[in-house]
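Before any questions on binding or motion, here is one chain by itself as structure tokens, the form predicted on its own.
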Amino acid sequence: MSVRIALLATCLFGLAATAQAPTSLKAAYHGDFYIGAAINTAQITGEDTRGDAIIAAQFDSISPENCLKWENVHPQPDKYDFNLPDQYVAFGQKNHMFIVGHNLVWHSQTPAWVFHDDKGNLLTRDALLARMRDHIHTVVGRYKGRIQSWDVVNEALNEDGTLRPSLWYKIIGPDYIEKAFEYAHEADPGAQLNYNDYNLENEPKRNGAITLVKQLQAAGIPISTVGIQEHDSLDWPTLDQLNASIEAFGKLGVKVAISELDVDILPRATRQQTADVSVRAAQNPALNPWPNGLPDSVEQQLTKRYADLFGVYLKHREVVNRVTLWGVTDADSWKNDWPVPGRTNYPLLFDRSGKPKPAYDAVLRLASGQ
């Protein structure tokens, strides 16, 4: 009788454990950090119903892939287009999500008119500052209290940690970053303000970002978060590099957002590890080895890689406040077309048909301690 009771207790315990096991990413990491996804136009408008169902079920934060970038929201000097951004924010509010604004000041995807007068000459410092302030106040002000976090300045650093010689820098000077944060804080004092960049796991660029954060803090400029983009590969960054970066920013008193996570499993097409959207490489069959599906051996590597990365994020849950996947399914990923057009990549947690991959299961199990 005692054996039967023990067996029954074991079965009941197993059923209870199964019932309590998290069934979504947002449930699994609730209390640790937000789990986000970057969403595209079809998902914002409701055209991609399958993608929307995944987003609503799995994520509690969203970032916009493109609709809030300057060329889309402010394409002409006297024209703002808030159609998609309004739908984006409404989607996040409907699903009770932490909403991220991406991004306000960037050297890329910014129209040429922003930097030139009506005769084609470069603007003066004061004129460009006025244009920047108007843009930030208009966009951030429209969504005050609804978009909780803004990527204020995006990718301002060179790989050696020095400031990129963008037109923002050339016309205004190095304090353009300080001014952008100042204007964003004026527009919404309650919003989290972020600096966002790639390759911050590499020590020279990390040191440049540390210097930048310290300069903003010394000037009394509110910066709450550094976004480490984490456009990773199977072998970069090392876990030591990632640990060191999160710890370094945590020591400055700012949070870390893993802001644009994906894992590229294809052969590297460029000599340097980069996420510069302007980089292009020629098509080559050798760079697209798995157009019809991923071999099990590579799938296992991807699964282990995601488990290792999330292990680091959990270790630093007191510093990491958000982990955002840059896309929903493999079919959505920008890595299919960058830097080589037309490649078939597999960098996310859901496959092309919207099914969770083994990497998803590993990430889920990790959170529940299995």
Ligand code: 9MR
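We number the residues from 1 along the sequence you see. Fair warning: this is a prediction, and the values are worked out from it, not measured in the lab.
There is another form of the same protein, the form predicted together with this ligand; it is not shown, and what comes next is about it.
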* Heavy atoms within 4.5 Å of this ligand in the predicted complex: which of the stretches 219 to 227, 245 to 253, 105 to 113, 87 to 95 has them? -> 105 to 113
* To do: Identify, from the list Thr303, Thr45, Thr344, Asn66, the residue with a heavy atom within 4.5 Å of this ligand in the predicted complex.
  => Asn66
* Structure fact -> Only hit among Trp334, Tyr34, Trp70, Tyr313 for heavy atom within 4.5 Å of this ligand in the predicted complex is Trp334
* Given this ligand in the predicted complex, answer whether the residues Glu155, His231 and Trp326 all have a heavy atom inside 4.5 Å of it. => yes
* Touches this ligand in the predicted complex: Val298 (any heavy atom, 4.5 Å) -> no
* **Contact label in the predicted complex: Val277 to this ligand, heavy atom within 4.5 Å** => yes
